[in-house]
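A single chain comes next, written as structure tokens; it is the form predicted on its own.
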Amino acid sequence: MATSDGGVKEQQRSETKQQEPTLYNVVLLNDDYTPMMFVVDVLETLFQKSPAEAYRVMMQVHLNGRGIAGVYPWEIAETKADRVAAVARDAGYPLKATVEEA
């Protein structure tokens, strides 16, 4: 667009702000039957935690009754929680995961 003084007028763009998706915690819950090393294995395989981080989260679950395995958008968090339940059930353990808003 040309202006009256011969310059070029910048076209104003309305900034569309991309909204970040709401994030959710996948929380592992303690029980009296699931072995600690199974929880570590779940954290390493399903949540891609390093061995040290998996151990740290497992100890949170053991000592506090719950621990955050990961933070994801809703669909991913829900899928991860379902996978935890399926893997635990297949192994004969009652390990559960819940999804809570972060």
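The first residue of the shown sequence is 1; numbering continues from there. Computed from a prediction, not measured in an experiment: that's the story for all the values here.
Keep in mind that the form predicted together with L-tyrosinamide (TYC) is not shown, yet the notes after this line are about it.
Candidate site formed by 31, 34 and 58: every one of these residues places a non-hydrogen atom within 4.5 angstroms of L-tyrosinamide (TYC) in the model of the complex. Proximity of residue 99 to L-tyrosinamide (TYC) in the model of the complex: non-hydrogen atoms within 4.5 Å are absent; the residue sits far from the partner.
Put simply, residue 39 is close to L-tyrosinamide (TYC) in the model of the complex: some heavy atom of it is within 4.5 Å. Along 79 to 99, a single residue, 95, places a heavy atom within 4.5 Å of L-tyrosinamide (TYC) in the model of the complex.
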